[in-house]
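This document opens with one chain alone, in structure tokens, the form predicted on its own.
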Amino acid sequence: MKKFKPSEEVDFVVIGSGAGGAVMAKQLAQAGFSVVVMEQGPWGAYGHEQDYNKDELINRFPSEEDMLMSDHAKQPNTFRRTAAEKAVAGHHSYGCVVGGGTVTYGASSWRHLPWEFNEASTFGTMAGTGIADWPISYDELEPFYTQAEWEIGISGPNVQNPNLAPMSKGYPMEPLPLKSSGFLFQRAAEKLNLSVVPNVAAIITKPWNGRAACINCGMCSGFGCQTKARSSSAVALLPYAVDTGNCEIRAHSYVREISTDASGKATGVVYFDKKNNNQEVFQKAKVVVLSANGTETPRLLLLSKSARFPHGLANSSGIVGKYLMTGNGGGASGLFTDPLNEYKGCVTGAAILDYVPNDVKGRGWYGGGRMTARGFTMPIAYGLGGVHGAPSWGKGYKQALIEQANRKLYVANFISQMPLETNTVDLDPDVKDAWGLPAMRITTQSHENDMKGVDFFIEKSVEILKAAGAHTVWADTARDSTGGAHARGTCRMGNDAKSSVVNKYHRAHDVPNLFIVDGSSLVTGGRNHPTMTISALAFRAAAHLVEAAKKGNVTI
């Protein structure tokens, strides 16, 4: 891998190696530009996918070298519902490894629907929310969805469904096979006049670009993929960036500041280098691309305040960190008489899309969601928290665990969440991380409309499980979100610099050579699976950035 000296001014420094950052690094490096990717986490499994640990106990209680998610001991975050409250210890986490959250995520890769880019003009706004149209349309982004799906490797159904986005080109490979959960969904759907669609997933079902197809090992979401079948950024994108000879991926590099000069242009980044006892290092760059995720990106901008940017970098609008959307969930569980054998295959099964639209009559709330079938829970996880209606230890506990573990189906729902200005990411005034920097503070309380949606989907989940034949069904308790993997909206894009952070090409309004490309730029949250939209936006941003860089007008 190419190595650059920190004193050497590279063309681009990219902060983050996940769904957005990896696309940017690959496209820029392949265009001939020098790129350094800053990743605060390690190379997963020491850089060898075959060494990813499939031990559930180690996965649940990892040592530092096995950790693929952010470490709360080193990277604490705090949480509160409203600005009037004192924040307490939070539980928000995110992928912290080369490849980011794409290394361990469930791999659902749905497109946003066309009307999700202009909900305000299509359906109207709602008092107390920040619903607004995006500055781009679905038609503008559609070619880049296709590019992302084919370059990354996405499996999915090529079917006509009004709740699937129209595609100029079908998915490159067949969807994952239906499991028991999918067939049970179909049984319920026939009774309830609903439709079932196989999952759209960043998991390959045939050999693709030198990678092996999914072997249905079952150790899926939460674990690294040993066969490279999950199309994570670490295997589907970053190797191509490195192979150009123009890109260095610098792991264990924890960026604390994006530096700027007197004119307000970015000059590079300051980071802590773990390999050198966390010594501070300055990497010079002509352009900075920030792709640290929907929560760490606004935090880093706020940490990068200066005399010229006293309220945080790129924050003249005061919008940085606001309109956080983490997505809501909730569902129900059911037990069946026969074993389901869901311990093989991808964790996420088939989907019911009938409740995705806003305009289902008689619901009494705005929004929608995607219902997915999820079967097997890992044995230790189920033993510690999933046994239903049984003692917490002893003979009765053991018997219930034996009877339930392979017969449970969970309906997981991914539900829209309104963008609210009061839902924020900022800096905690009291709590510090392991490097002495202010910890992330999350303030979030869903709009009452959103909680009606949670109640609705819990009720529908119970109905579906009963229709599928479950003999015992229990519903989740409706809970508001406290954070999660689908963080979006904290640096929203827009045409007006007074009400947005970046323009339609992801260039910061305040800093001409700073680009923000991750979930933070989303204006509205869609139906809660943002990864494919993030990747498509990144391919689009990279195309425009390469064109601008070749013309020499990136920094003016």
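Just so it is clear, the structure is predicted and the values come from calculations on it, not from any experiment. Don't overthink the numbering: it's just position in the shown sequence, from 1.
Below, we refer to the form predicted in complex with a small molecule, which is not included among the displayed structures.
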Contact test in the model of the complex: A292 vs the small molecule, heavy atoms, 4.5 Å: yes
In the model of the complex, H486 touching the small molecule (heavy atom, 4.5 Å): yes
Contact test in the model of the complex: G153 vs the small molecule, heavy atoms, 4.5 Å: no
Any non-hydrogen atom of G106 within 4.5 angstroms of the small molecule in the model of the complex: yes
Option from 493-501, 57-65, 33-41, 506-514 whose residues, in the model of the complex, bring a heavy atom within 4.5 Å of the small molecule: 33-41
Listed residue that, although the small molecule is not shown, lies within 4.5 Å of it in the model of the complex (heavy atoms), from L141, V255, I319, M418: V255
P135, N358 and G526 each touching the small molecule in the model of the complex (heavy atom, 4.5 Å): no
